[in-house]
Structure formats: structure tokens, C-alpha cells
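In C-alpha cells, one chain follows: the form predicted alone.
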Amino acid sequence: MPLRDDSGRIIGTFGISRDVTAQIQAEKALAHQALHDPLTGLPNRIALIDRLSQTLLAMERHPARVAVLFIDLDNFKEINDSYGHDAGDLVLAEAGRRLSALARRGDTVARLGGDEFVMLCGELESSGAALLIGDRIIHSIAAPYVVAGRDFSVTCSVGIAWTSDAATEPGNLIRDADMAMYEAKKAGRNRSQLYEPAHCSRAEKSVLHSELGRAIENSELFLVYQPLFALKERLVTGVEALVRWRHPSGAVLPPDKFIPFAEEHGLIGRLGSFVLDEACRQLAAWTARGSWAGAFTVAVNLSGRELLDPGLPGRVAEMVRRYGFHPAQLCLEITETALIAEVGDVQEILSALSAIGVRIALDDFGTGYSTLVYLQRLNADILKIDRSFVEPICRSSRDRAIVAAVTAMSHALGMTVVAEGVETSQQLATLTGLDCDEGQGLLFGAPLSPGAVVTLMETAQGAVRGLAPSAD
């Protein structure tokens, strides 16, 4: 602003500045973290999909062959169970280094989570070249590991999918490699396997489509409930509804085994309606049962396709009216990546949902950092920090700084902050010190049946001390 004397003549300027260095550094760190695995430093699933998409796009101009090698460590759970997660983490980090050392310039090695890795290889001459890379991976992973004076022996199974078709969907190529990896495990592990269409034929997909459709009708789907805790008060504030499928084979399938298929084959609307209705019915039953449920919330996950349905607000309003609970007791969780992809189309739907009075949660925050610029535009009440930031928070000052910055930013926007994947008392103490509001994870116990939720609330008053022992 100009600074003037009594005669109006400009004699200087007046300005206000603000040091945003810490904010910029936190945003840069958040941007890096959003695309990389915190344990190994490798690209994560989001970065892998992006690089695979770019590789396929380049094949439109320069025809080539590209292969995806899906690597899964065999019997890795035994290391965690026998020697602890710290030893398991060291093995995973070393496996990541070995895979990176094998990769050629231009290849990408990514960690998808757990003990699953992917190597993306372009410019291959044939499927035989991909199989040769698979053999090298198996030989490298099998070399002994030495952790804290102990020798470990780990093998791996490798599934390979390759294409010369630039129109191939990246997700389909990864899925095919994953299916080939399971065939390698069936064949005895410690080997590689090329994907063949017979691994998931059209007939098999038709059977799965029919089975999932019948599952909705035959009550094979059911919900379990992950407790949500206020960290400072150490009290249960609500639960997150998680769907499971009790398959006729006797196996209980987690959502990642059938939700993507439901989305791809047009069943997500029916499945999502079941989950929402069942969660609302259960919330009403709890509310009628005890005084503890008056401020109790139930969170329900929405897929990206559900979020684009213009009829969604009407269905939610009908559920609230039919079951008679307060709308603020229902929380709808939407992943950050879905909002990034469709933010322009979903704002009107989010506004309509907020007008009903239900709460909106932004889930898996940090896996798609572009939404930093959208937070003020979205009608979200809750921000859930992704577990990839929580897991290293006690050993990484950078991750603590990121969580602190995100928490302060969210509080400034009037949002409640929830930490996902809390597994140790040290993480709990750190998050509490950073003013994180709520948390959920195995530290507080595994997902519960509806009856177990009632027992928890009525016998332990929802306190942390009433839950399963810490996972430390």
C-alpha cells in the first residue's frame, strides 16, 4: 500500500508479509509422501499407475512391448509372527533395494503394500525376456537376509502380464499379473508364471458376477464395525462399517477381493445400497437400545461411482427419515482420489448431503495431494490421515511435521482430524501430542460384530481400557 504525507504525496510503501516456508516445505513433503511408500522409498500404487499410463501412451507413437511383474514374498507372515514387525520391515526394505538394483534404466519398481511389489519393464523384445527378468528376481530375493544377527531365507512368487496394445487399461494389466502370481503360488511358489486368459476366463467372470449378485440377495454379505476413538478422552465416539462376504465356499472375503469387481461390472450400486441400509438399520437399533448411542456415529464408505449418482442425496435422506436417527450420526466417507478425479461433478452432491445434516469425511488423505487446493471448496467435516503417514510417525521427524501441518490446517478449516492405522501406544502418544482428534486401528481392537459393539459400550463405557491389548 502507498504511504502518503499530509499533501498526498507518496513517500513510501507499507506492506505485510508472512513466512510460509514451513507450509511450503510440508506441502512438498506431502507431495512426495503421496507418491512414495514410506518404508522402502519406492513409488506407491498411485505413482505406478501414472507411470504405466504414460508408458502405454508412449506406445501409441512408438510401438513396443511392456511387462508388469507382480512380486509377492512367500510365507512372509511367518517372519512377522516369529521375529516381530521390525524384522519384517527390514526384510521388506532390503527386498525393495534388491529389486531396484535389478531394474534397468527406465524401469519402475513400486511397493503396493504389505509384501507385494511390482516391477514395470518397457521396451521388451518378447515374453521370454520378461520371464528372464522374473527368474533374476527370484534368484535375488532368495539370497540370505541378515537382520540383528539372524539369517532369514525368503522366496517369492512372480506373476507376469505383458502387452503390445497401447489401449490396454493399466489396472487390467496389474490385475492380470496379480492373477498370474497366484497361479505361481498354486504351482508351488518360488517361481514365475506368465498370465494366460484361462486364469480368469469369461466364464469365471460370469460365475463371480452371479455369485456376487446372489450374495446380496442371500444375506451372504455382512458388516463389521471398526471402533473410532477420541484420543484425549480415550472414549469410543463411533464406528466405521466394513463389508465382508461369507462366500459359499466357507471363506470370508475382505472388500478388496470383490469391491473392485463390483465397480467394474455394475454391481456397486446394489452393493452400496445394501451397506448403507444395513449400517443405518444397525445405527437405529443401537440408538434405541442405550443412552450411549445418542451421539454415536456410524461411518459408511462411498465409492467414486456412487458419489456421481445424482439420486444419492435422496436415498440418504430417505434412510435418515425411515430409521429416525439424527442425521449427524451418519458419516459418509469419500476417498481423496475419488474427489480429485471428480471434484467438479461432486460438489453439488456433497452440498446436498451436507444440507441433509449428515457428516462428510475425506478418507485416505495424503494419497492424492492435489486436493490441498480443494479443501476450502469441499463441504467436508472430517479429514482422515492415511495410515502411510501414521506408521512411521515415531521414527520420522518429517512425517511428524506433515501430520502436524495437516492437523493445524484442518483445524483452521473447522474439520475434525482422524488418524488411520494406529497400531502402537507410541503412535497414540505422538498423535495426541500433535492435537489429532480421533483415531482408529488395531491398537484399539479388531473390527467388531454388532453385539460386540454393544458389549464394549455397556461394559467398558467405550473406554480404551476395555478393548483388546495393544499390538506393541
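Computed from a predicted structure; not experimentally measured. From 1 onward, residues are counted along the sequence shown.
Only in words, not in the display: the form predicted in complex with a small molecule, which the text now covers.
Novice: Which of these residues, L413, L39, A429, L442, gets a heavy atom within 4.5 Å of the small molecule in the predicted complex?
Specialist: Of the candidates L413, L39, A429, L442, L442 is the one lying within 4.5 Å of the small molecule in the predicted complex.
Novice: From the list D381, E278, D115, D364, which entry has a heavy atom within 4.5 Å of the small molecule in the predicted complex?
Specialist: Residue within 4.5 Å of the partner: D364.
Novice: Just checking whether G421 would be counted as a contact of the small molecule in the predicted complex - the rule being heavy atoms within 4.5 angstroms.
Specialist: Output for G421 is yes: heavy atoms within 4.5 Å of the small molecule.
Novice: Using 4.5 Å between non-hydrogen atoms, is R400 touching the small molecule in the predicted complex?
Specialist: Because no heavy atom of R400 falls inside 4.5 Å of the small molecule in the predicted complex, the answer is no.
Novice: Is S303 near the small molecule? Define near as a heavy atom within 4.5 Å, in the predicted complex.
Specialist: Contact check for S303: yes, within 4.5 Å of the small molecule in the predicted complex.
Novice: Does R387 reach the small molecule in the predicted complex if we count a contact as any heavy atom within 4.5 Å?
Specialist: The answer is yes: R387 has a heavy atom within 4.5 Å of the small molecule.
Novice: Pick from 404-412, 421-429, 41-49, 57-65: which stretch has a heavy atom within 4.5 Å of the small molecule in the predicted complex?
Specialist: Heavy-atom contact with the partner occurs in 421-429.
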